[in-house]
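Just one chain is shown here, as structure tokens, and it is the form predicted alone.
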């Protein structure tokens, strides 16, 4: 099968356009994709989630973080500037005494820590805190 010059140019232009459009669709950050997967694309409107993290962390290797969301079924914790932003997901059953969790996370540098809670009524709440890291964590 042979193509004329005009057909070859049309094929090249079409493939170039598909590469450009495909690149635009892939502009969602890993954090945005994780939030969309957790929420199922639902709007985050609710309140009732408290995220406690230090404003300044002297060491990015061990940054204490606490999340508290009374009435939550689950909470996802994300570090937006890390190579792998998903820190963890906490699930709470019906016998949980409190819907809170605390942990220490590693941060690659100054970045925002985000928590999203799925409440028992199906709504979602969001809280965020920027943490300034003075000594390198994951990456430095």
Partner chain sequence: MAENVTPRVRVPKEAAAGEVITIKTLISHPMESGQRKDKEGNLIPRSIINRFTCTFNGETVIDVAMEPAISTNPYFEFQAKVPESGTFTFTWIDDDGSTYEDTKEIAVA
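Here the structure is a predicted model, which is why all the values come from computation and not from measurement. Numbering follows the first chain given and starts at 1.
Below, we turn to the form predicted in complex with the partner chain, even though it does not appear here.
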Should residue 61 be classed as touching the partner chain in the predicted bound form when contacts are defined as heavy atoms within 4.5 Å?
yes
Although the partner isn't part of this model, could you tell me whether residue 112 comes within 4.5 Å of the partner chain in the predicted bound form, counting any heavy atom of the residue?
no
At the 4.5 Å heavy atom threshold, is residue 83 in contact with the partner chain in the predicted bound form?
yes
Even though the partner chain is not shown here, does residue 92 get within 4.5 Å of it in the predicted bound form, heavy atoms only?
yes
Exactly one of 35, 101, 51, 44 has a non-hydrogen atom within 4.5 Å of the partner chain in the predicted bound form; which residue is it?
101
Could you pull out the residues of 31-53 that have any heavy atom within 4.5 Å of the partner chain in the predicted bound form?
none
